[in-house]
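Take a look at this one chain, the form predicted on its own, written out in structure tokens.
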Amino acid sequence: MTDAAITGVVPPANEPLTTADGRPLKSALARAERMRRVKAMLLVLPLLLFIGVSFLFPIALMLFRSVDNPLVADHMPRTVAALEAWDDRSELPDEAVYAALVADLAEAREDRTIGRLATRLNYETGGLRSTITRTGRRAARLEPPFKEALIDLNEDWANPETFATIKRLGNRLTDVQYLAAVDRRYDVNDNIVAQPEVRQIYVSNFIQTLWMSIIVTVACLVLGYPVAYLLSILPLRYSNVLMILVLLPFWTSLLVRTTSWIVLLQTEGIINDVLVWIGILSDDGRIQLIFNAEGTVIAMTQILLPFMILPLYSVMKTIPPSYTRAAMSLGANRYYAFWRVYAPNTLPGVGAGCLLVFILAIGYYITPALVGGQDGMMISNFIAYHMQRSLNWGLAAALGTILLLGVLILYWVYNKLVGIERLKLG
């Protein structure tokens, strides 16, 4: 309440308005607005902390892990320092480098870190694991001149590429994992070259992952659009029953659903048996639908179909039927009215469903692992392999980062072409 309201006297035009306690009204309103914002921030702070801990921090850790490379620098410091002066890659390093190498390997052998060191070097150059471990066992007994002793012990120490690898991995931050993730590597002169053909697997698998995700998204759209349309036009008592059938797969474990597809798709499975029984296939001409890309697409389409139906249904349900009736009253037939009036109004649901299904499909792991076999593997299977079996976490992080970057690029393209503001879930 202002002074004017209390005294009944209107203040002069040049006198600022004040509150009941005499504070300027403008500053009081600004303070109230700040307090409102602080309260709102405190309310969402737990959510922000949860997102930061469970989402942002793991992504940041993955990005750092993809370039982090401390192992060689920590356990071969003498060798890395001695190789700083080695510039002529066509010649072997001098005796000082070999002496430093012997001292580092003997120390790594003593503190039992030589296994991890050998594994890290072997990721970059195949065969170095056995060379490092064998040399480490004998390093403490070697005598000068160390250059001749090491070359006699293993011919890899006569190869300049071995020392180029050690020098390259001596940097604590490196991009070798990203090069490996796109089937590239450094040669002895630090030029980027292609991996040997037998090791070129990741680029082709990225392409296969992208292609399979697009096929699954299109298949879900083709199958889900008429189902969502039917749900939106049926009376409520019927649409509720059909909606329960759509949601029923969510009540079953993903592992169980995937395993059931193995029973259905195998050569002696139910689908092949039915096709043979009705005469479409001969008993000797059964088709292979399991442990390949086709089986992966079929299983993923069934699993991800509800994620397409639900956004489509939620948008279709809000479209008034009068739109189509008005178009038909103006002379359009049923199909023309559907494609020119009804279908464009469902585009926000189509965009939401396609984006949701595609992002889920491109990172799928369990279904390709169980149903895909060698031909149906996706990039997520390689990430899991390097995390769980080869323990090359740096390469797994690089593959994951490239996959994340690809999804963000596609999201940006979608925003530019369609507009993210048009994406609706209801």
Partner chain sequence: MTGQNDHLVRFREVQKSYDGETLVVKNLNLDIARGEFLTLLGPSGSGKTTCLMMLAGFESATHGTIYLGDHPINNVPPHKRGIGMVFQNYALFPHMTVGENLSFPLEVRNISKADVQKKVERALEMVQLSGYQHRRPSQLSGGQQQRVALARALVFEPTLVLMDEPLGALDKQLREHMQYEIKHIHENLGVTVVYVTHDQSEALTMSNRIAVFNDGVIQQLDAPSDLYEKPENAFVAQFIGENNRLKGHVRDMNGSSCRVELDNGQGEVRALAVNVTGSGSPTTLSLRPERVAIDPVPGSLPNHFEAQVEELIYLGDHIRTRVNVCGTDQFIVKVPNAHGHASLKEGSTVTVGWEIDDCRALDA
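Keep in mind that this is a model prediction, so the values were computed, not measured. Positions refer to the first chain, counted from 1.
If you look for the form predicted together with the partner chain, you will not find it shown, but the lines that follow are about it.
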Inset, instruction - Choose from 325 to 333, 204 to 212, 290 to 298, 187 to 195 the stretch whose residues reach within 4.5 Å of the partner chain in the predicted complex, heavy atoms counted. - result: 325 to 333
Inset, instruction - Verify the flagged residues G269, S282 and R286 against the partner chain in the predicted complex: is each one within 4.5 Å by a non-hydrogen atom? - result: no
Inset, instruction - Give a yes/no on whether G126 approaches the partner chain to within 4.5 Å in the predicted complex, heavy atoms considered. - result: no
Legend entry - Non-hydrogen atom contact V341 with the partner chain in the predicted complex at 4.5 angstroms: yes
Legend entry - is_contact(P320, the partner chain) in the predicted complex, heavy atom dist at most 4.5 Å: yes
Legend entry - Any non-hydrogen atom of N345 within 4.5 angstroms of the partner chain in the predicted complex: yes
Legend entry - Sequence-ordered residues of 348 to 378 touching the partner chain in the predicted complex, heavy atom within 4.5 Å: none
